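Quick heads-up: it's one chain on its own, the form predicted alone, in structure tokens.
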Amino acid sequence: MSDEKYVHKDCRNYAPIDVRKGFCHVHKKEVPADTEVCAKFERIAKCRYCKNFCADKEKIELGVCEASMSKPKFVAYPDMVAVTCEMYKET
């Protein structure tokens, strides 16, 4: 992994409740989505962590999946969870 700072919403053990909070399956309690992770952190597969994801570095709201066979390419957003994506390739 890189030196990127991760937050709870980037963890496989996090289940979102709403946009601001979620439930931690390890600690069995609610946690804020954007706070630092614990030692049990496991990065979840998201488009932003995929080699096939391409986005403009100045405008990160949307990108495309370069592995997509559709024309135009499949539009993806960085925080899209990709645990079931067959084209996902970890960076």
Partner chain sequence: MAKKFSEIMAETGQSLEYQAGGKAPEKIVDREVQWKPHPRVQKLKDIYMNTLSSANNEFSYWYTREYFMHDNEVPVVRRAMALKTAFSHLTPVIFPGELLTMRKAAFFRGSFPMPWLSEGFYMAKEDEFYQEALKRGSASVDEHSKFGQGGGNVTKSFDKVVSIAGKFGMRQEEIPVLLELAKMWYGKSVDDLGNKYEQMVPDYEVKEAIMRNIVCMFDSGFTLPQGREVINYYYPLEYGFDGIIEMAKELKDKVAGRADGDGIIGMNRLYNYEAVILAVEGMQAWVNNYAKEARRLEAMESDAQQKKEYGDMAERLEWLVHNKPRTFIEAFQMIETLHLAVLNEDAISGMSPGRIGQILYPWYEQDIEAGRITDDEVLELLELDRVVKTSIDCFASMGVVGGVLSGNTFNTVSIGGLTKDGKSAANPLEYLVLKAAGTNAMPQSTLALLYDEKLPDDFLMLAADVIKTGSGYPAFMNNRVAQDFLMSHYGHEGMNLEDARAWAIGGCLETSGCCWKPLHLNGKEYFIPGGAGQPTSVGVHFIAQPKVLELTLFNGVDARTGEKVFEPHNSKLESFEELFEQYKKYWQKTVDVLDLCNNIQHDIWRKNNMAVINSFMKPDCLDTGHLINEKGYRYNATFNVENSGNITWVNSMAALKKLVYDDKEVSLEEMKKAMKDNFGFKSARDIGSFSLMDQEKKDDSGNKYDELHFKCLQAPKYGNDDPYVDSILEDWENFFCRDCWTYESLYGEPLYACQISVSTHGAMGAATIASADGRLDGTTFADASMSAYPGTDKNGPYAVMKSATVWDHSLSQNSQLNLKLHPSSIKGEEGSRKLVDMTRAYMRMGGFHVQYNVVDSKVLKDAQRNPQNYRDLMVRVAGFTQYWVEIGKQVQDELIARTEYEGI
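Residue numbers count along the first chain shown, from 1. Computed from a predicted model, the values in this text were never measured in an experiment.
Not pictured, yet referred to below: the form predicted in complex with the partner chain.
Contact check for T91: no non-hydrogen atom falls within 4.5 Å of the partner chain in the model of the complex.
Residue contact with the partner chain in the model of the complex: E36 places no heavy atom within 4.5 Å of it. Contact annotation for V31: none of its heavy atoms lies within 4.5 Å of the partner chain in the model of the complex. Of the heavy atoms in A55, none are within 4.5 Å of the partner chain in the model of the complex. Shown without its partner, the chain has K9, R12, N13, A15, P16, I17, D18, V19, R20, K21, F23, H25, V26, K28, E30, A33, D34 in segment 9-35 as residues with a non-hydrogen atom within 4.5 angstroms of the partner chain in the model of the complex.
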